[in-house]
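Just one chain is shown here, as structure tokens, and it is the form predicted on its own.
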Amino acid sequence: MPKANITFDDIGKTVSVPAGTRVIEVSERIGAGILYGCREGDCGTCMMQVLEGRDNLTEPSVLEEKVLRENMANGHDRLACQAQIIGDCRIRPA
């Protein structure tokens, strides 16, 4: 299975994960600072800023785009509960 590296700037840690893993799963496992409430993509608490590798995350769903708009996110923000890692990226909590 292909692997990808994700770097969490808030804790200065990079981990290698299987492609297709959701960011929130990795964050929770290693103790990074991304907070979350629902894991369903409709509350917006797990917003993160993608510092590098935005194209290495899955495309946002219609629901995620709606929640990002409602939370006045910028073009570098994503929901960690929805974004799946498909290549190397670097993130931090928004």
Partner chain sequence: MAAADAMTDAARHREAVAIAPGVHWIGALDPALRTFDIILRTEQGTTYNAYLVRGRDGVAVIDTVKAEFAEEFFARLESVADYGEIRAIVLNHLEPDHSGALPELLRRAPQATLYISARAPAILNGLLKSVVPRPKPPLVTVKTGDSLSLGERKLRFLLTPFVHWPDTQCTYLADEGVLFCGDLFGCHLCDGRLFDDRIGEFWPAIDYYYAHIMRPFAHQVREALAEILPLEPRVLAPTHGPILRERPRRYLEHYQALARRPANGPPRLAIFYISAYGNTAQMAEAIAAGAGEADGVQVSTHDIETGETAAFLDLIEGADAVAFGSPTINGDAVKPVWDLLSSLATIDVKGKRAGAFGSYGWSGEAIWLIEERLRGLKMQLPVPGLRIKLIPSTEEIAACHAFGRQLADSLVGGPGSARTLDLAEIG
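Positions refer to the first chain, counted from 1. Keep in mind that this is a model prediction, so the values were computed, not measured.
There is also a form predicted together with its partner chain; it is not shown, and the following applies to it.
*Asks:* Would Val15 count as a contact of its partner chain in the predicted bound form, using a 4.5 angstroms cut-off between non-hydrogen atoms?
*Replies:* Contact check for Val15: yes, within 4.5 Å of its partner chain in the predicted bound form.
*Asks:* With the partner left out here, check for me: in the predicted bound form, does some heavy atom of Glu28 sit within 4.5 Å of its partner chain?
*Replies:* So Glu28 counts as contacting its partner chain.
*Asks:* Within a 4.5 Å heavy atom cut-off, is Leu51 in contact with its partner chain in the predicted bound form?
*Replies:* So Leu51 does not count as contacting its partner chain.
*Asks:* Would Leu57 show up as a contact with its partner chain in the predicted bound form if we use heavy atoms at 4.5 Å?
*Replies:* Heavy-atom contact with its partner chain at 4.5 Å: absent for Leu57.
*Asks:* I have Thr21, Glu70 and Ala94 flagged as a candidate spot, so tell me whether each of them has a non-hydrogen atom within 4.5 Å of its partner chain in the predicted bound form.
*Replies:* Checking in the predicted bound form: Thr21, Glu70 and Ala94 are all within 4.5 Å of its partner chain.
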